[in-house]
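The form predicted on its own is given below as one chain in structure tokens.
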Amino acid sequence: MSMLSEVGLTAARELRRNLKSAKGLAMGALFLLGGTGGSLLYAQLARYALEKMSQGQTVPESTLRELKLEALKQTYPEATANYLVDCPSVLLLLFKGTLLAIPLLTLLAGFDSISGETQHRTLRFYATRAERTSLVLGKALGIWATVGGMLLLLHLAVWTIALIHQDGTGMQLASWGPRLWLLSLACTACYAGLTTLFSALFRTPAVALFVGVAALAGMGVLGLILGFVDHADKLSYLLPGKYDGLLISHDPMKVLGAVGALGTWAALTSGTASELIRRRDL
């Protein structure tokens, strides 16, 4: 059997395991409810604010666009604000929210993917049928597919909410919705690799989870500190969180660079995890 087939079969097994487990079902349900609930609340608040602002009068579309543009300029550079002004607000909010949730969601989905099987010695059984590198890469791919599927379900629900509440035209939703979901998959790949590495480092799932949470929190705090230190901006590019904003840049080259950097993170971490397992006595 080829390595590609081994990776695919392992990924499919990991995906089934996550989707059938009580942990996976509970995570998916909570993530979906939280995301759709937040989107519904935002849509209602936006409608209420518009009604108060217009005092029952019809507000021209051009005026709404100008107000939205001015609001975006408070957060983004002018060129990026001009690019994002046509993105439905609820989709932009969803994207930013999911980028914050992806690190922890991915960790919870896969912290025991390798450590659990190492602890119970089941990985030794699978290693007699497939290469260890294939098993590790397949598990990383399975974690990525699991979280990517959860994100797709959430995005589909929010696209429906945006359509019902007329937050953007059908063409805008069709253009921005899939684009933002695909960009979120790049971020997911990075943290799927990190999660696989945490799981490969330890034989006990609880330890892998604890260290993973501590590492993610530490990277977040370090990113904030570097943001306040003069001449430290370049160092922050060593952290995966630095690329969140670049994913929605107006410059296609910056977007491609961010996707490439996140892909490099995924490759380096999953590759390191593969090497650890290849050398370990199972």
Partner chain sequence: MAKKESFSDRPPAVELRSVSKYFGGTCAVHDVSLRIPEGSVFGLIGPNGAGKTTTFSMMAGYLTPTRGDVFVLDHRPEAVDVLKGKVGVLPQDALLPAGEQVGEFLVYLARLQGIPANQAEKAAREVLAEVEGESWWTTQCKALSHGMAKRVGIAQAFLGDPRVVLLDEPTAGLDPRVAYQIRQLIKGRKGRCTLVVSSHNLQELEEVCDHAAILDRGQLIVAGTMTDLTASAEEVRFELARGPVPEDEVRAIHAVKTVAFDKQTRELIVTFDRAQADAEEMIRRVLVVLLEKEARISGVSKGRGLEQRVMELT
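Numbering follows the first chain given and starts at 1. Remember, it's a predicted structure, so these values are computed and weren't measured experimentally.
The same protein also has a form predicted together with its partner chain, omitted here; what follows describes it.
### Task
Answer with yes or no whether residue 9 is in contact with its partner chain in the predicted bound form, where contact means some heavy atom within 4.5 Å.
Contact with its partner chain, yes.
### 4.5 Å heavy atom contact, residue 84 and its partner chain in the predicted bound form
Residue 84 lies outside the contact set for its partner chain.
### Query
Does its partner chain get within 4.5 angstroms of any non-hydrogen atom of residue 132 in the predicted bound form?
Residue-level check for residue 132: yes, a contact with its partner chain.
### Message
Is residue 125 part of the interface with its partner chain in the predicted bound form - any heavy atom within 4.5 Å?
### Response
Contact with its partner chain, yes.
### Query
Thinking of 13, 16 and 121 as one candidate spot, does its partner chain come within 4.5 Å of a heavy atom in every one of them in the predicted bound form?
The answer is yes; 13, 16 and 121 each reach its partner chain.
### Query
Since the chain is shown here on its own, which stretch among 113-121, 67-75, 85-93, 207-215 would lie within 4.5 Å of its partner chain in the predicted bound form, judged by heavy atoms?
In short, 113-121.
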